[in-house]
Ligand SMILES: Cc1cc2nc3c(=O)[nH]c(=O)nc-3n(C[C@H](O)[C@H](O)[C@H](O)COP(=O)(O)OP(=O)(O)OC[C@H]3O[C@@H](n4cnc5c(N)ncnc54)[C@H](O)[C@@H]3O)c2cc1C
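Shown below, as structure tokens, is a lone chain in the form predicted on its own; questions about how it binds or moves come after it.
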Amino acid sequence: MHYKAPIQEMQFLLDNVFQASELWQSLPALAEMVDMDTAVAILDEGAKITNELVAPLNRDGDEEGVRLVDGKVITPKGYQAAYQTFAESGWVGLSGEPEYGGMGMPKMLGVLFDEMCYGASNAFALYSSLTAGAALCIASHGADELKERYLPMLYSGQWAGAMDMTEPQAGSDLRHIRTKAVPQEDGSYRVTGTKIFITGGDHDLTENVIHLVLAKLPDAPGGSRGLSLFLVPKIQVNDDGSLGEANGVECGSVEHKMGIKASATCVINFNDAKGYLVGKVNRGLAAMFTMMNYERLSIGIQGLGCAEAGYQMARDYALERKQGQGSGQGLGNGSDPIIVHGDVRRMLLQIASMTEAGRALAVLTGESLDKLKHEESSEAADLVGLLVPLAKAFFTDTGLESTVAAQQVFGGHGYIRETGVEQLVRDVRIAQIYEGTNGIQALDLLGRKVLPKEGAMLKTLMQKVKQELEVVSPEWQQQVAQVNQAFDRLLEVAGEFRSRDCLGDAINAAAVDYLHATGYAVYGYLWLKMVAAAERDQQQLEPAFVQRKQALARFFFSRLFPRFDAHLASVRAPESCVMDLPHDQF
């Protein structure tokens, strides 16, 4: 698969749009760790390793998939050697705690490397993503002994991490988890139960897999309040850090899936396995959600990476593929490249304008996570709460739309395996489902983040938007007014929900449309922010780069931003049109 990391776009976001170096220098924990020169060097090296090492594995990995042989999970040919090189280069610990061997890089830089990884190979990227997430959870909630023993090995990539939540009878509703943890005299626990759909639950890339497992103590209260979190290694770890005996953690099977076939999705059986408490008893869900926030952003970025890869493939094909009788724009052989056709251009512009705005939202979310971690500001907390579910769902919903559009550019050649674009459609489809389905993300956004406290979180974002759009040039004032009005309407319609008789039904029926409306409003804000930066700094940017940014912004506001009105109209429709049909008439 051809993939080239969009370095110029990424550097533009960090340097010109978000002026990241100013933030980094204002935070003592980052000031001595990173500046713009360091960030650019990391992006360059990240592009090299994803373009040259990871991307070449993508197609063959999809063809071969993973296999379970004699109880061992075997990854595709080339994965072991590539992962070793990837880990030895320090990429697993890119944003990890320096105290335990991580590089300590800010998340607003990490999200860009995440996109490179997903653009190069979704399946390969997931192994390191889950490991980084597990390390984050341990660093945030684990006892010092756990941090010292496990974090260095996770950051180095010698061990991998996995998140074990779902069970056959407990998918998104974790109240029904049956996995048990029995306390032992030495302070450890014995964990027994079965988990399903565990990404990276077992594989041959590392010598150990560290599972973070949600389970219940014998005397736990009912519901999700009775869940605790346990660290359960596949192989027991001795006091000196060496590996000991097997720990009763077994892979029962691997799933055969529509996509991400080189990612091991496992049924994991815990048979009286030795585990260690992470965080507080009966507070496991709160600890796990530290990991989930970062993983949901990461999975959202899976949608961005696939959209960018699809765009590159479709653009190159449209420039090379010649069809028709010629229109004077051809190459001398009586035919034109299909890039001259309006509908092909529409699809490419749609993918590009959505992907580039999404990348800006990823950096904004990363910036907010960095501020929350290092400043603990209430504004950052509001933005993280609001933007994480938005990013996860909107990136992946529109990411699928973008990869389908890229496939359409290829015509019939997009439906056959040889071109590779159909794999993107299959791979990105799961991103709407795992780490909390997009419907659940929408319920979280509207029901838990926007409606409480008279829309306080949304007001925090609105204040930021209106302040930053004050510097946009007069040429774009019509669009500034459109964006500000959109946010005002989002707040207004949120207030209308409180007067509805069946609030729960109303939220359920309207949440996805509300999330999408919010997505287009935020993308409008970010396009104006990008255009303002490009025009302000046009002396140091290439004229074609500035021109392209302006053209994509005009396309977005003319052709895509009107979707906001349609989604908001659906939000305002009565919930009865969704809820009134009797069950037996479906």
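None of the values given here were measured: they were computed from a predicted structure. Quick note: we count residues from 1 along the sequence shown, nothing fancier.
What comes next is about the form predicted together with the named molecule, which does not appear here.
In the predicted complex, at least one heavy atom of L443 sits within 4.5 Å of a heavy atom of the named molecule. The shortest heavy atom separation between K464 and the named molecule in the predicted complex exceeds 4.5 Å. Within 4.5 Å of some heavy atom of the named molecule in the predicted complex lies at least one heavy atom of I430. The named molecule in the predicted complex comes within 4.5 Å of a heavy atom belonging to E435. With the partner removed from view, the residue among V111, A134, A391, M165 that has a non-hydrogen atom within 4.5 Å of the named molecule in the predicted complex turns out to be M165. Interface residue among S156, T265, N208, T290, judged by heavy atoms within 4.5 Å of the named molecule in the predicted complex: T265. Using a 4.5 Å cut-off to the named molecule in the predicted complex, not one of Q19, R315 and T403 places a heavy atom inside that distance. Here the chain stands by itself, but in the predicted complex one stretch of 190-198, 494-502, 223-231, 414-422, 190-198, has heavy atoms within 4.5 Å of the named molecule. Contacts with the named molecule in the predicted complex, taken as any heavy atom within 4.5 Å, map within 242-267 to K257, I260, T265.
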